[in-house]
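Listed next as structure tokens is one chain, alone, in the form predicted alone.
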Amino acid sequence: MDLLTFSLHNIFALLQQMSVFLVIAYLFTKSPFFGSFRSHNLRPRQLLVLYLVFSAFSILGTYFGLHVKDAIANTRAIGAVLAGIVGGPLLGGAVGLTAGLHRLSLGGFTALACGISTTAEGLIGGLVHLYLVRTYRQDRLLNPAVAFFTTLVAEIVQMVIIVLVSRPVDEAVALVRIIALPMILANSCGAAIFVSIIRDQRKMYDELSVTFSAKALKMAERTVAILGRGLDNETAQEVAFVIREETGVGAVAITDREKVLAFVGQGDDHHIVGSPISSSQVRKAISEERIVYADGGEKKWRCSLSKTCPLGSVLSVPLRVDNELVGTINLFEPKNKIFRITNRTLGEGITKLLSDQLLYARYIEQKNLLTVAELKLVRAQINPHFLFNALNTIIAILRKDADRARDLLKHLSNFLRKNIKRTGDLATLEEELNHVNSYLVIEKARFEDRLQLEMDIDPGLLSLQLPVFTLQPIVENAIKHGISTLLGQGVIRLSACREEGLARITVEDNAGNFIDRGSTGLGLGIIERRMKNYCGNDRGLEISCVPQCRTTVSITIPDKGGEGR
């Protein structure tokens, strides 16, 4: 047999043996590990797994090799080179050293040369990895052409090392003449095919992920407004319709812990909304709080309500809100259809998404209830002394000036009416100023010339919206803790202006008594929390005090382009 014929025979023999590794590579792409695998961003645990996988490939490549003149023609290089390309010099060098030491332990006149060359091949793959990463071409790490030419160069280097290190030299040269062509071509082609399998599976996995993400986002968009109303029969039916339309399953059911809230699809003639849960799988999912899956194959789903029910498989996923089990989402497929793994994965993801939406809806509901409670608390904060003093002031004025007393009663009535009947979370600055004005007219009558009001309001800000009952408690604090302590004239300055895209509203008095949020009742604390909820955590009350001179309370609100102007 001439050299060429012998080489071709060895090439086909090595390729035949390499098919085992390609099957292993395919199975590797189906493992859970592969789902989180990214060749240019590997974590320590992933590097360890890849070290074990590629080291096993290299060692098996040695065992499956062809014995030629006290040496082994093998596919060991594939594992070392690909480890370097995928994980860098550290991983490639580690795999190459491990496989090289194993080869050294088997003996033979090429054992040392093969141990050195296998380590070198792993490092060559690692250098290619570094080059591609540093030139921002990470997308080529799983390119078959890169794997082919890197392995080709690595195998040529191995042949050179065998000639340089192995003794006697003439036997090393003779061996290289026999194994060079088969090993170079077989390993290069094998590495390219190996990478091609991984790349294609990676591409398919990414495409499925994009599809799942698109469907999940679309369902989120369609269900967020529905679940904002909570989970009841009406909203459950709407959500079930959306899920079935997006997944294409045979039927969708949504339950609470005891009964069916919604059922859409095949079998809806006997799966009645409002009826108790009849499926043992669904009851099991609720009682054990875990996913229950009957695939219709080894584990069939049988309807307990009708022998003619067309459904034959189910995925039942517990629906939790803030770690509290509230029900289940159930996807069904008919008896003549396989329950696709993609729908199973999507069903589990949908349930998590709906749980988050329900949790958000609950948060919004609680936030609204808190807002209502706080507004009621602010309304209840009418100072009894203010009411008592206002009535006494009006009675005193009534004896001297009935018309003025009548006007003060109108302002007092207007003030009380706005405190009691005001609805909604927001008010315009103009409405807040009218409310403050009614309060100040009464207080001015009580203090007479000792109270002076100065206002400087940008007319363009009158339509600005801010949380209701914001200004009056601040003005009341200025009078109660400031002006009322003065022997001389007190001045309240109320201003509103624009500053760098913000509207700044300021209440200032000339008393200069320090205002402590904790010592001025609940008013300022509630105002500050509501301002943060409305404008963000970087907003709130700004309080400054120059003792015996002035106290200033400011609030800032996004101008939003001067809406309403």
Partner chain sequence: MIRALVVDDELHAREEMVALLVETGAIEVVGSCGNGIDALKLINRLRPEVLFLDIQMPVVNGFELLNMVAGELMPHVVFVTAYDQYSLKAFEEKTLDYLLKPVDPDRLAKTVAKLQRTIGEKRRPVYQAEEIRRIPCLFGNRIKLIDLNLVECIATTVAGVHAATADAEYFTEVTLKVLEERTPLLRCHKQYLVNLDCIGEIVLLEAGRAKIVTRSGKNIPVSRRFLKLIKKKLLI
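Positions refer to the first chain, counted from 1. All of these numbers come straight from a predicted model, not from anything done at the bench.
The next section is about a form of this same protein that is not shown, the form predicted in complex with its partner chain.
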Quick one: from Arg446, Lys215, Arg320, His102, grab the residue that has a heavy atom within 4.5 Å of its partner chain in the predicted complex.
Arg446
The unique member of Arg404, Arg167, Arg257, Lys299 whose heavy atoms fall within 4.5 Å of its partner chain in the predicted complex:
Arg404
Partner-facing stretch of 244-252, 108-116, 451-459, 395-403, counted where any non-hydrogen atom is within 4.5 angstroms of its partner chain in the predicted complex
395-403
Evaluate Gln465 for contact with its partner chain in the predicted complex, applying a 4.5 angstroms cut-off between non-hydrogen atoms, and reply yes or no.
no
Consider Asn233 of the chain shown here, and say whether it contacts its partner chain in the predicted complex, taking contact as heavy atoms within 4.5 Å.
no
Heavy atom of Phe149 within 4.5 Å of its partner chain in the predicted complex
no
Can you tell me if Phe388 lies within 4.5 angstroms of its partner chain in the predicted complex, counting non-hydrogen atoms only?
yes
At a 4.5 angstroms cut-off on non-hydrogen atoms, which residues of 480-505 are near its partner chain in the predicted complex? List them in order.
Ser484, Thr485, Leu486, Leu487
